[in-house]
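Consider the single chain below, provided in structure tokens and representing the form predicted on its own.
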Amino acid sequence: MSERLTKSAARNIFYGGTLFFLAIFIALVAQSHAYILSTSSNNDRLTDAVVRGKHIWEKNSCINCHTIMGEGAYFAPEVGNVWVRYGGKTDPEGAREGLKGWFAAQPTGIEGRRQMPQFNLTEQEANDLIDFLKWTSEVNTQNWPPTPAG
């Protein structure tokens, strides 16, 4: 065991290990991407209204206060499951009207409570945003958030 690790052997081990783990990383990224597209997401229900709703979400910077699927700010509630919390699974029309009413009633003016700004959404914008929130509630989030209240 008097053999020493030569410089060229160390270099070969480094480059070989780097290429090996890079290949594993690329394979795992590809597998994760395929899983997201085929299993985790619901791309088949992605409509023009959902896309417009996502644009409204971005235009009004809702993520600056809310989280959606765990991403965003923690000032206001998680909205990835707001459709379910408003009863959208059992009463879709009631949930839609409830959310529209919530949007229209903001800010509530209750002392000491966080206030959501009034964005003055049109009927179409409100429906598109609700369609986006409905779509996000149907994505397989693997039981996130852990509580129904978000």
Partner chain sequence: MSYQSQRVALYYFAGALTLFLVQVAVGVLGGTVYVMPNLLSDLLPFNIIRMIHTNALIVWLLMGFMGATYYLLPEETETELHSPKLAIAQFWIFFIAALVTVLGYVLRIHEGREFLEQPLLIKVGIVIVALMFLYNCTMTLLKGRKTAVANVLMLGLWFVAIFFLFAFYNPGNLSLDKMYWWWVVHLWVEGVWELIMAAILAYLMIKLTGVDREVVEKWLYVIVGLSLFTGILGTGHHYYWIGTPGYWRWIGSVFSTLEVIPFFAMVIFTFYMIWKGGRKHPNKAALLWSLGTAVIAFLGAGVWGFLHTLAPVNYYTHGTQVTAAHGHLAFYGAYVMLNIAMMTYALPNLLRRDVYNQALNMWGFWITTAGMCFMTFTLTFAGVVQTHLQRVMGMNYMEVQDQISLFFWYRLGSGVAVLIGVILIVYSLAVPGSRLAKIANGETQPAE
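By rigid core we mean the largest C-alpha set that fits within 1.5 Å across both forms. Residue numbers count along the first chain shown, from 1. Everything quoted here is computed from the prediction, not taken from an experiment.
The same protein also has a form predicted in complex with its partner chain, omitted here; what follows describes it.
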{"item": "Interface membership of A104, its partner chain in the predicted bound form, 4.5 Å heavy atom rule", "value": "no"}
{"item": "Any non-hydrogen atom of G87 within 4.5 angstroms of its partner chain in the predicted bound form", "value": "no"}
{"item": "Non-hydrogen atom contact I68 with its partner chain in the predicted bound form at 4.5 angstroms", "value": "yes"}
{"item": "K54: touches its partner chain in the predicted bound form, heavy atom cutoff 4.5 angstroms", "value": "yes"}
{"item": "In the predicted bound form, residues of 10-32 near its partner chain [heavy atom within 4.5 Å]", "value": "A10, R11, I13, F14, Y15, G17, T18, F21, L22, I24, F25, I26, L28, V29, Q31, S32"}
{"item": "Shift of N140 between the shown form and the other one at or above 2 Å (CA, core fit)", "value": "no"}
{"item": "Is_shifted K59 between the shown form and the other one (CA, 2 Å cut-off, rigid core)", "value": "no"}
